[in-house]
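Take a look at this single chain, the form predicted on its own, given in structure tokens.
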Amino acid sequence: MESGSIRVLSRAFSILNCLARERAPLGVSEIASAVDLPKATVYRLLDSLEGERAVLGKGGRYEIGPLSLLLADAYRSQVGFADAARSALTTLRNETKETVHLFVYERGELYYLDKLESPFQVRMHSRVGGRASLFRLSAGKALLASLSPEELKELPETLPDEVAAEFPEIRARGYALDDELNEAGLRCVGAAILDEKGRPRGAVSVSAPVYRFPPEKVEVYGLLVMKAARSIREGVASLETGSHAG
């Protein structure tokens, strides 16, 4: 009985993930094909999810429902990270005029928590709430470089040797570089956000097209993301100290 309930829950989340990725209404057949489930099963799950307002049905097509807003807001409030970081992110974006990302680290995985767009045109695939690469992104590599050997062994995926080889340089300068590794045409620098005990809470990065982010700007932006990471750490610490005092 329990395994059946877990299977139903897993299938329901696969449908929600599918709709979240597509960001557009889908028909039952399209969803069934994407999640590899029978149409009848998908229809029953959609009916239950619609009852909870997790999805909305419109003319035979379905999209993510308003329940997601409640869950997202609850997570952001619980983490307390995004609100404490917003001022530092805004400053970093204004200083560089480029796209800034905030990441949160949870149980061996990295997620986009906030994104401030560049005032200039740039096409990026990042989405708030999406999973981010620990091995390709500058933010991910900066965070990994802050982990202990024991913590690195507990990662869900095996750490590539070429990534581990970058750690001494990342630790020495305080930030990591993604030179068109995650997305062609984009260069990024990122720094880890550590708590008072030196444990990673997340990371912050600046991303820009290579024609606006030449190699001579790497150190300049690297120092700025380090400054932002320190500011965010202080903001989070102040927020947590205030909540404990209250």
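Given the structure is predicted, the values throughout are model-derived calculations rather than measurements. Quick note: we count residues from 1 along the sequence shown, nothing fancier. Just so we're on the same page, rigid core means the largest C-alpha set that superposes within 1.5 Å between forms.
Note that the form predicted together with the DNA isn't included here; everything after this is about it.
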Original post:
the DNA isn't shown here, but in the model of the complex which of 212, 44, 199, 53 has a heavy atom within 4.5 Å of it?
Top reply: 44
Original post:
in the model of the complex, which of 184-192, 64-72, 22-30, 199-207 comes within 4.5 Å of the DNA (heavy atoms)?
Top reply: 22-30
**OP:** Report yes if any heavy atom of residue 11 sits within 4.5 Å of a heavy atom of the DNA in the model of the complex; otherwise report no.
**Re:** yes
**OP:** Select from 193-220 the residues with a non-hydrogen atom within 4.5 Å of the DNA in the model of the complex and write them out in sequence order.
**Re:** none
Original post:
Any CA movement of 2 Å or more for residue 58 between this form and the one not shown, core superposed?
Top reply: yes
**OP:** Using a superposition on the rigid core, decide whether the Cα position of residue 38 changes by 2 angstroms or more between this form and the one not shown.
**Re:** yes
Original post:
Under a superposition restricted to the rigid core, does residue 222 display a Cα displacement of 2 angstroms or more between this form and the one not shown?
Top reply: no
